[in-house]
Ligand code: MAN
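There is one chain below, alone, in structure tokens, taken in the form predicted alone.
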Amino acid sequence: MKDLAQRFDENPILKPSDLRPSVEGLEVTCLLNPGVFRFQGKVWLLVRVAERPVQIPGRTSFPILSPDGRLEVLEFDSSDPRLDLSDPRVISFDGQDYLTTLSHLRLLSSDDGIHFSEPADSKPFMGSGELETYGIEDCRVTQIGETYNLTYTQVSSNGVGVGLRTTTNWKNFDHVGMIFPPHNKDCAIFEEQIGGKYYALHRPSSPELGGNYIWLAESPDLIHWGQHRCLAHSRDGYWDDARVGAGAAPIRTAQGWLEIYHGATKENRYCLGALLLDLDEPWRVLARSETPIMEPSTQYELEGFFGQVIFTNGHLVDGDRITMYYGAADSVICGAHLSISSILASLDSNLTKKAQGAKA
């Protein structure tokens, strides 16, 4: 069955060649998974930009940040038997894991939601401190009142956790710090309180016992989180049998909170599906996609730095229409429109047991 997305004719709307490197001597390798928001009458993307040094034949090099923010480049002989290059995203050397690229975030704006550019006075959002020495990734932007809450992945040798920064004007920022410790990512905060509490989706990982599942947490202040509940497991034999994770903030509908999430197979094929959560008790899953609402099908989704990938953590909602921005093949930024009513119609409300993962 054809998926539900109407892709932009202009896709991909952003490519690595469209942005300058943040530091001389590096090259932009990938653009990935932007956060999305409106501000001052424009559409804004907070794009993850992955960089690395220009590669020299026979050598493998990659950047990291020191805790005080200085860029360091590590370089190895590619033939060294202690070096594992089997995954284009991760390098293992003598038992220590590193990322092949260093990610930061960039702001780009648009008047029409299709053609984006980086303001001349814009500065990159770089990692800082010992918890971000391998970079920062995949920011989700949730606006509550006048405050924009930025939840993003903090990466270092200490592990992968969720950081929070806040702003009201996109010039001054409060670096709150890590709100979910390792191993955790894919954190999307609901855009309104429910019963006087804040809620967020997150994705702790426990591959030895358990798996990569979507969880729900609640908070009185967006900083201290508890009352954790597991919402959705990966499902054997399905398109999301290896891992699942939240996309952007859930969308309020008359039927419930609609969450577009990503799921991956054991072969690392990433698609998008939907969860429907109860409006008043969001830990209750009402329905879940049996088949993807969007899956890799175009050349720019099938081939790239890491192919067969569609990944989103940002969208805009106008009535029934979702304008979704997504990373394709871990390489380029694309856009698509989806209909809320069409997604809801694709869900089978009688699948509550399967929606909860059947605990199998």
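Start at 1 with the first residue shown and count on from there. Remember, it's a predicted structure, so these values are computed and weren't measured experimentally.
The same protein also has a form predicted together with alpha-D-mannopyranose, omitted here; what follows describes it.
- Residue Tyr270 is the only one of Tyr270, Phe180, Tyr261, Tyr152 with a heavy atom lying within 4.5 Å of alpha-D-mannopyranose in the model of the complex.
- Among heavy atoms of Asp330, some come within 4.5 Å of alpha-D-mannopyranose in the model of the complex.
- Though the partner is left out of this view, Tyr300 does not reach within 4.5 Å of alpha-D-mannopyranose in the model of the complex, counting heavy atoms only.
- Interface residue remark: Leu45 is not counted as part of the site for alpha-D-mannopyranose in the model of the complex, having no heavy atom within 4.5 Å.
- A residue is said to contact a partner when one of its heavy atoms sits within 4.5 Å of a partner heavy atom; Asp138 meets this definition for alpha-D-mannopyranose in the model of the complex.
- Heavy atoms within 4.5 Å of alpha-D-mannopyranose in the model of the complex are found in one stretch of 22-30, 36-44, 317-325, 304-312, which is 304-312.
- Residue Arg89 is the only one in 89-110 with at least one heavy atom within 4.5 Å of alpha-D-mannopyranose in the model of the complex.
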